[in-house]
Each structure stands twice: as structure tokens, then as C-alpha cells.
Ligand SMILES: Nc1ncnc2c1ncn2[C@@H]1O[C@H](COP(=O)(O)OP(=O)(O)O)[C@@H](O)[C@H]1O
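Before any questions on binding or motion, here is one chain by itself as C-alpha cells, the form predicted alone.
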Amino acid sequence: MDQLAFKVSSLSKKYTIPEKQISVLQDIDFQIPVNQWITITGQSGCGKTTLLRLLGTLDEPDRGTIECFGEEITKMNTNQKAKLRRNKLGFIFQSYQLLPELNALENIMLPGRLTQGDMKTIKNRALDLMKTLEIENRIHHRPAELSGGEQQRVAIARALMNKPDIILADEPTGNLDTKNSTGIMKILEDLKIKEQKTILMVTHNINLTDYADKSYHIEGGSIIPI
């Protein structure tokens, strides 16, 4: 059996709003093998981002288990989860989530600084990523001075800073035009093929499933293979 990046069993999550509970995910079971590109589609509000946050230890399930490389992350304490995020997971957000007061290079270096490693090595790693992603001429630009495509490339470089095994991408092309979207998808494709990354991407764009090894659809709280 192939090694699993994630194994999800009976995963459920509800949210409470005034006088009402909303069941977003209900008893979800699925697996993500290592070095696979998995795409999850669904309408806005169906639970795609919720699932990504649960896998990324940014939220807690109401019921069920999540294993990452054989370790049950639903039993980890806060420090163990932080270590997992720092060493194994790279996050790419639709809204980029760049710090406005930092320039592109400083934003990319942030995850490396959390490792308390050698600053020269961290800076050189960030510069190499900027060159690879063709944004090396934007080193001193702050997010407000960058285009949407450039901001997303900075966000991808930041996600790759600590050489994660898994990339969790939440609508990575959602705010981009067709040209920039194609460019971002090519970058992700190269990461999967050339660097053996495991990619889990959620999107409302059904056309992007063409890039995936396997796709799922979330509807009514359930996850269905496409």
C-alpha cells in the first residue's frame, strides 16, 4: 500500500450560529497518498476550506480522526501541531495573507525565521525561491506594490520556505486572471512532478481538476469521488 500523506476517518464538523447549528462535514472518509495531487471541488460554503483547515490543524473537528504520515494529529497538543505545520505543511491562501508592512523577501523568510536557523541560509533560500518563481526583481516591494499574480507567487514561495512535504492550497487562483491562473497552476504542477510534493487543492473551478491525479466533490456534508 502506498504511503499516505493523510488518512481521514469519520470526520465531522459543525458550526453554531445564533439559535442554529450548521453541519458542514458529516462522517467524511478519504485518503491522500504521498506525491499525489488531490483536488476538492464544491460550491461556496460547502465545507472545502473547513476541511483544509482541519487537515492543516488550524481548526478542530467535532468527531473523527486525521492521520498525517501515520501520526494522529487530532491527538496532538498545541506545540506538536505547530511543529507539524512548520516542518511538514505549506499553506497557500486565496487572499495571499501577506503581511503588509513587510516586503516580499521578508514575507517569504517568515517561516524560516520560526525555525531559528541560520539567517544567511534562510535569506539565501528565500532569494533562490524568488528567482525560481521569477519575482527576484520584487525583493523590496511590499504587497500593495505587487500585482495579484506576484502576490500569489510570494505566497507560494513562503509556503515552500521550509521545504514542506504537503502543500495545502485554498483557491490559489481564485483572485487571478486566466494568464496568472495558468502560471500558478504550472508552478504547482512542477512542484508535484519535479519536487515530489503532495498537493491538496480546493477550488470552485471544475476545470482545474484536469491537473489532479484524483478529484473529490463536497456536497451536503459528504465527500464524493469524481
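Position 1 is the first residue in the sequence shown; the rest follow in order. As the structure is a prediction and not an experimental result, all values here were calculated from the model.
Only in words, not in the display: the form predicted together with this ligand, which the text now covers.
With the partner omitted from this view, the residue of Thr50, Asn162, Thr39, Ser181 that lies near this ligand in the predicted bound form is Thr50 [heavy atom within 4.5 Å]. The stretch that touches this ligand in the predicted bound form, counting heavy atoms within 4.5 Å, is 40 to 48, out of 40 to 48, 27 to 35, 153 to 161, 187 to 195. Tyr211 falls outside the set of residues with a heavy atom inside 4.5 Å of this ligand in the predicted bound form. Taking this ligand as positioned in the predicted bound form, none of the residues of 182 to 218 brings a heavy atom within 4.5 Å of it.
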